[in-house]
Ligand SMILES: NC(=O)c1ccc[n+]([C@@H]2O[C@H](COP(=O)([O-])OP(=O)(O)OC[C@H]3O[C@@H](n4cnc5c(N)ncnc54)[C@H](OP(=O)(O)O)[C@@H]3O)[C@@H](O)[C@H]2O)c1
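Let's start with one chain on its own, the form predicted alone, as structure tokens.
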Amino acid sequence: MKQTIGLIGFGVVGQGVYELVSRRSDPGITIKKVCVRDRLKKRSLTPGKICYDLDEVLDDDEINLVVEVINDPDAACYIAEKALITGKSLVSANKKMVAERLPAFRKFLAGNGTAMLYEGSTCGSIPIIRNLEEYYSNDIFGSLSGILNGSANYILSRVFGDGMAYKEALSQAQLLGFAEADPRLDVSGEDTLSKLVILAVHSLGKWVDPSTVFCSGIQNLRPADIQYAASLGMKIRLTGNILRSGKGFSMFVIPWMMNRDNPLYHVENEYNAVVLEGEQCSRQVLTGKGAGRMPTATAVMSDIDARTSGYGYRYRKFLNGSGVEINGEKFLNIYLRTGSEEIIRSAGFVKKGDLRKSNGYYIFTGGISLSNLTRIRKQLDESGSFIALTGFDAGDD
């Protein structure tokens, strides 16, 4: 199936996609138009290929595949909706748009022969979505945990590996193109959250509203937290987790203070990793580069190739209506560093641990339910507190 492409976005990833298509010289895959926003910026493209109006791509009857690689989730939503309604297939790398709007977009796919593919939205070069869709489609998962953001992992690698200050490591990540000029989504965990929601659809068959999922990042990381972890021979990694909890599953994004027995401990720099535990596959660890130009461009290119053979996600677990329950019953052992003793008193810890005061901070370790942690999430963020997972109660499912 010939793919005539309208490429929307020509930033870091867009240029990578264009380069990969150009290298191939494949008559079955051609880029007809490249839509960009900035009319003044010089481009390494022939003028006839460039356009500045989204609808020039979306209304072109010759274009049957729209490849969207922009940062703006609202614009990406407009692109996705119009492309699918008009009978064009879509390849997207916009994880926020996919995570928040996937149920609505799936309705456009019913019976019209189009597809919406988004491998590039999640975990860079790791083919995680297609693996979940095809290879693991008949397995029943007990857990999925991963490092899903290469920018945050690069920062933490420099902090724990080289002794860099957090701000210095962040600046270096931006200089190398791993982190955006505005890195808030990376370090707050929101980017990881979007990817986790997408992975839940393909591993559990369950879409979860991102706003309901506990999410805590590394933006409040301080030297006291680094020193505490290092004193125990541990590293901190920002993780997304889907773990069995009672009769259902709990989902959460949290920094994890882990030892070397955890396979994520050894994942460094801009790499991502996903650890799957299934009834048939047992433990599987997938790892690869998760940030940078070519890892994401390669994933986007794989989706373009997939459309040449008519591939589309089948959402078999989603369609089977598994009735998976997402709950906050999971009990977590945590490390909490805060300047507010009130947060410790009101948190609802079910397992009392160690409380000490150091350099004006309270440092507390103890057990808490995910639901209670979710209840105090706003207080944690606003007080500049830092929280990290240290493990689970032995009796917790």
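Just count from 1 along the sequence shown to find any residue number. All values reported here derive from a predicted model rather than from experimental measurement.
Keep in mind that the form predicted together with the named molecule is missing from the display, and what follows is about it.
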property: The single option of 296, 89, 241, 194 touching the named molecule in the predicted complex, heavy atom within 4.5 Å; result: 296
property: In the predicted complex, the residue from 307, 235, 95, 317 that sits within 4.5 Å of the named molecule by heavy atoms; result: 95
property: Contact stretch among 370 to 378, 20 to 28, 7 to 15, 383 to 391 - heavy atom within 4.5 Å of the named molecule in the predicted complex; result: 7 to 15
property: Residues 190, 212 and 326 all lining the named molecule in the predicted complex, heavy atom within 4.5 Å; result: no
property: Non-hydrogen atom contact residue 180 with the named molecule in the predicted complex at 4.5 angstroms; result: yes
property: Non-hydrogen atom contact residue 109 with the named molecule in the predicted complex at 4.5 angstroms; result: no
property: Proximity of residue 344 to the named molecule in the predicted complex, heavy atoms at 4.5 Å; result: no
property: Interface membership of residue 75, the named molecule in the predicted complex, 4.5 Å heavy atom rule; result: yes
property: Residues within 4.5 Å of the named molecule in the predicted complex, restricted to 33 to 48 and counted by heavy atom; result: 35, 36, 37, 38, 41, 43
